[in-house]
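Before any questions on how it binds or moves, here is one chain, the form predicted alone, in structure tokens.
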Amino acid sequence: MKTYDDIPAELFVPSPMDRGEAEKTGYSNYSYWRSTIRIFLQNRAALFLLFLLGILVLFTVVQPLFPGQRPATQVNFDAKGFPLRNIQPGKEYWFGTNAIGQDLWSRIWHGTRTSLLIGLLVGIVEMGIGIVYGALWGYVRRLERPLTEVFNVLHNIPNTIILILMAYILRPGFSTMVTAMCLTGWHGMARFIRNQIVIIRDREYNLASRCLGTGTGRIIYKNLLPYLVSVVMLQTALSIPSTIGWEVFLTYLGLGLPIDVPSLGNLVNEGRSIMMSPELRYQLIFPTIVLSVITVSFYILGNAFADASDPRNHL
């Protein structure tokens, strides 16, 4: 049996200190965005819809550049000078024509481009105003009461009333539609951000930051908003199809874009008026399919990205 004296003394010589190796032991190559993208790429359904939506958006942009494309507002005539009204889908007019002889193929892609642009602009503005208002409302206690009163006043006015008044006060058009939706669309985002910040504002790291003299803006930007990336992206992704839905609804009320401006709202409204005629239902089916693809894609992509950006799902 070996004793302590039998153990070689050189085994007890202290190892030299290597600061470089010591740093490596505490190093982590974790990256929030890399982990988010990795988890998102594992969702095959979301990848397929992202590819489909990307192709759709790209096609709406480059479609007018293809040869043989007709202007969306052009009325087409036959050899005798009569408008080609309600022509069924075929080789010459892939999606047919409408009641005055306009090519539905061109009108649908032009309308998709218009509606997507409205949705993206309104979604970006909603995100900006909602984050700023909600963050100040939830974190700065002395602003809580006045911001609550302002929110209650604005939120208790029905959105439809504001949109109708804006449509009557301003000249109907693209800018009027965007302005009206931006005035009402940020309420939900602001309230959601405020509720989330109230939950995490008094956690230990935020209290420590305040004790160390960190400014309000830096605490909001560095400590609070990073935890809300997933929910912000989800709300923004859902606001885009919601905005397109509002555009369709306002067009149904007769307060949307002018009828000479192709949009999904105008196309759906035109198709709705003739949907009882079986031979003319294609004028409603085609824009409805495009609208459904956009809505479902944004909804699923928003949920997939929200799950992927949640730090609790990162290993």
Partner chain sequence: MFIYSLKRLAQSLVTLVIVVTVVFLLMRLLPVEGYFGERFDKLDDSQKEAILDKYGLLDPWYVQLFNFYADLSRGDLGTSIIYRANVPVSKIIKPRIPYSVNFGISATVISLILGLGIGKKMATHKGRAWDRVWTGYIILVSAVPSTVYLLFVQLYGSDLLHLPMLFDKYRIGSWILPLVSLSLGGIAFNAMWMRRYMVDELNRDYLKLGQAKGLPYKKIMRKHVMRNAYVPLAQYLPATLLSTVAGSIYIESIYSIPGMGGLLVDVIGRQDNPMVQALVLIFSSVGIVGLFLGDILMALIDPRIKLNKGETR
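Between two forms, the rigid core is defined as the largest C-alpha subset superposing within 1.5 Å. Everything numeric here is computed off the predicted structure, so don't read it as measured data. Positions refer to the first chain, counted from 1.
Unshown form predicted together with the partner chain; subsequent notes refer to it.
Of the candidate stretches 148-156, 89-97, 225-233, 112-120, only 148-156 has residues whose heavy atoms lie within 4.5 Å of the partner chain in the predicted bound form. Although the partner is absent here, Leu257 is not a contact residue: none of its heavy atoms lies within 4.5 angstroms of the partner chain in the predicted bound form. Using a 4.5 angstroms limit between non-hydrogen atoms, Leu253 touches the partner chain in the predicted bound form. Though the partner is left out of this view, Val140 does not reach within 4.5 Å of the partner chain in the predicted bound form, counting heavy atoms only. Although the partner is absent from this view, Tyr168 contacts the partner chain in the predicted bound form, with a non-hydrogen atom inside 4.5 angstroms. Ile164 is the sole member of Ile164, Val75, Ile124, Ile199 with a non-hydrogen atom within 4.5 Å of the partner chain in the predicted bound form. Site annotation in the predicted bound form: the residue of Leu284, Leu56, Ile39, Leu50 reaching within 4.5 Å of the partner chain with a heavy atom is Leu284. Contact with the partner chain in the predicted bound form holds for none of Arg203, Ala208 and Asn313, as no heavy atom of theirs lies within 4.5 Å.
Residues of 273-310 that come within 4.5 Å of the partner chain in the predicted bound form, judged by any heavy atom, are Met275, Met276, Arg281, Leu284, Ile285, Thr288, Leu291, Ser292, Thr295, Val296, Tyr299, Ile300 in sequence order. Once the cores line up, the CA of Arg85 ends up less than 2 angstroms apart between this form and the one not shown.
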